[in-house]
Ligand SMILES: Nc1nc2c(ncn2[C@@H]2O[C@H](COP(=O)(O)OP(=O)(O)OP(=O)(O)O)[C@@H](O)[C@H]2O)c(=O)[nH]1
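Quick setup: one chain, the form predicted alone, written in structure tokens, and binding and motion questions come after.
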Amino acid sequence: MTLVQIDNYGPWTVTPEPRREMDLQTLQSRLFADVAQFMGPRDAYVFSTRYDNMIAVTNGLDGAAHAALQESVGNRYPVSVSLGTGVAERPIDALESANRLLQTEGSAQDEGRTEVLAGDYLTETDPSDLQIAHFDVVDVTGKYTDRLNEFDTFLNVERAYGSLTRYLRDTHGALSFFVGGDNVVAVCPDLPERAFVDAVAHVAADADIELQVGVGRGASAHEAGFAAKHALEACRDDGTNVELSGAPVLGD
């Protein structure tokens, strides 16, 4: 897991005076898009999280690739980024390691702490290294989008996401990210099918929303995530709530 943190961002947004909100939103969204465009062809994933702190799944990327991303941002934006990378069996533990690497160098709002590049890199990968789960809401269009106003639909999806992400983090050390629409992508440790059955049941009981999930494995985030997408399609086709992919699905 790699933490991508904008250096000294809070003070920058109000120096020499508060900047226009839409200008800040534009900068954040463009930066995320550029980081995603960098990660995607390298079969990595990145999630916007809070935008000033993005979380990436970087199996297979070495230190030179991280340095290239850092340099690219520095050359193209009025802000710089620091990158910390951690490796562990559980995603939360890898992220904790990544965070500590930056925190020991100084505060995120320390103007003297810029462009930190530190961590361990998992460059030799195996098809069983990563497990990714792709969740969505069963019939979100029929139950919510076509019946409620957009904000109330958003609140229902957010309620399901909040319930799911807390459960997976607390129970398994997995990290879950809302990726738009009604979709949530979870980066997981090695979990059996029962764990996903229990997660779907938890959200149904806690938030009264029905989820379905496809689960995939792979040597990279793209490989595992693509397999998860195919497994989720099996849920939609067969009317099931949990499907695990077999071998990784190759494709664009």
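Position 1 is the first residue in the sequence shown; the rest follow in order. None of these values were measured; they are calculated from a predicted model.
Although it is not shown, the form predicted in complex with the named molecule is what the next lines describe.
Proximity to the named molecule in the predicted bound form, taken as a non-hydrogen atom within 4.5 angstroms, holds for one residue of Asn183, Gln70, Gln28, Asn53, which is Asn183.
Proximity to the named molecule in the predicted bound form, defined as a heavy atom within 4.5 Å, singles out one entry of Val79, Val179, Val87, Leu117, which is Val179. Contact with the named molecule in the predicted bound form holds for none of Thr2, Leu95 and Arg100, as no heavy atom of theirs lies within 4.5 Å. Of the stretches 121 to 129, 153 to 161, 168 to 176, 140 to 148, only 140 to 148 has residues with a heavy atom within 4.5 Å of the named molecule in the predicted bound form.
In the predicted bound form, the named molecule sits within 4.5 Å of a heavy atom belonging to Lys229. Of the heavy atoms in Asp136, some are within 4.5 Å of the named molecule in the predicted bound form. Though the partner is left out of this view, Ser220 does not reach within 4.5 Å of the named molecule in the predicted bound form, counting heavy atoms only.
Interface residue remark: Asn59 is not counted as part of the site for the named molecule in the predicted bound form, having no heavy atom within 4.5 Å.
Applying a 4.5 Å heavy atom cutoff to the named molecule in the predicted bound form picks out no residue from 159 to 175.
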